[in-house]
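In the form predicted alone, a lone chain appears below as structure tokens.
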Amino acid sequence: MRNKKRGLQFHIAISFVAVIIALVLWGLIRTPYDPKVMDVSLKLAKSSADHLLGCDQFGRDILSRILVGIRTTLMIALGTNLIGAFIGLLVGAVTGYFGGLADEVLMRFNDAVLSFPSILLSLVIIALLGSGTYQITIAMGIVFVPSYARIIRSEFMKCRNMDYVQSVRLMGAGALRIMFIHILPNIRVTLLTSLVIGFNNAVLCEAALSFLGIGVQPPQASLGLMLSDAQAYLFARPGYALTVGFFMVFLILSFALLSDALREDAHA
């Protein structure tokens, strides 16, 4: 029964993620309207046969902007986690495998960075780099490094004295080979689960920064930026905010379910 439940949750998660990928592909191939073209006559227009989700405050098609916005949000989240995971992997592998002075110095610095709220630290980095899609991706990637480093360090410390590592060490394998050929594949489930969780955190972080007006800049679209625009018309056009909010919740829920399913499979 337990395995059946796990299988069901995993299939639901995969189905939800497949829907998101389909929306992204739809936005890449062709949107119903140009997401940047304005038509004042359609300002805050309600849903209709021509505009299924209505129009925003500039008369732009909401569905078209959501399709582009999901892609933007996903690309930022993906870039953020690639930067954070890659640097975090290097730091965590070195400190977890070797320990010693390198561990003390790097992890104390890591702890200092973790003591700052992620949004606040992102604000500081964006203030130095400037606002925009690439800048927010780099800023969030840097902020995510300490979390990945701590998780990977813990896994490498756990594995470095295991029998299979001792065996290959006795056979003359070098440190780099042991770290990335033998240990890394054995922590793949933990790393994959962390990536999915980090993906969700990146979506929320991007939404918060764009909501504050320092993330993705107009006329580009992202879910966070659209939600920021919609909140000014919450009473005049509540459907605008609710629609964007629904897609954001669906995106986060999909990857949260996937993360839980992967964690359950790992403990099976």
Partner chain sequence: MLDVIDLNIEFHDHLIPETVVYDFDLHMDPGEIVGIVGESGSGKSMSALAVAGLLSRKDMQKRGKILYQGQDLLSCSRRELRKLQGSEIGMVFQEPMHSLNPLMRVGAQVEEALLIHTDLSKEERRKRAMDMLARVELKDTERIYRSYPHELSGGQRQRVMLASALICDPKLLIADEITTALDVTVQAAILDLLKQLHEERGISILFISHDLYVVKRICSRVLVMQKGRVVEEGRVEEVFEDPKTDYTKELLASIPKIRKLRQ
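Numbering follows the first chain given and starts at 1. Just so we're clear, the structure is a prediction, and the values are computed from it rather than from any experiment.
A second form of this protein, the form predicted in complex with its partner chain, is not displayed here; the remarks below concern that form.
Proximity to its partner chain in the model of the complex, defined as a heavy atom within 4.5 Å, holds among N186, S154, S118, S131 only for N186. The partner is absent here, but in the model of the complex a heavy atom of M171, alone among V124, V105, A112, M171, sits within 4.5 Å of its partner chain. Looking at its partner chain in the model of the complex, residues F98, R177 and H182 each place a heavy atom within 4.5 Å of it. Listed stretches are 158 to 166, 68 to 76, 192 to 200, 137 to 145; the contact stretch with its partner chain in the model of the complex is 158 to 166, by a heavy atom cutoff of 4.5 Å.
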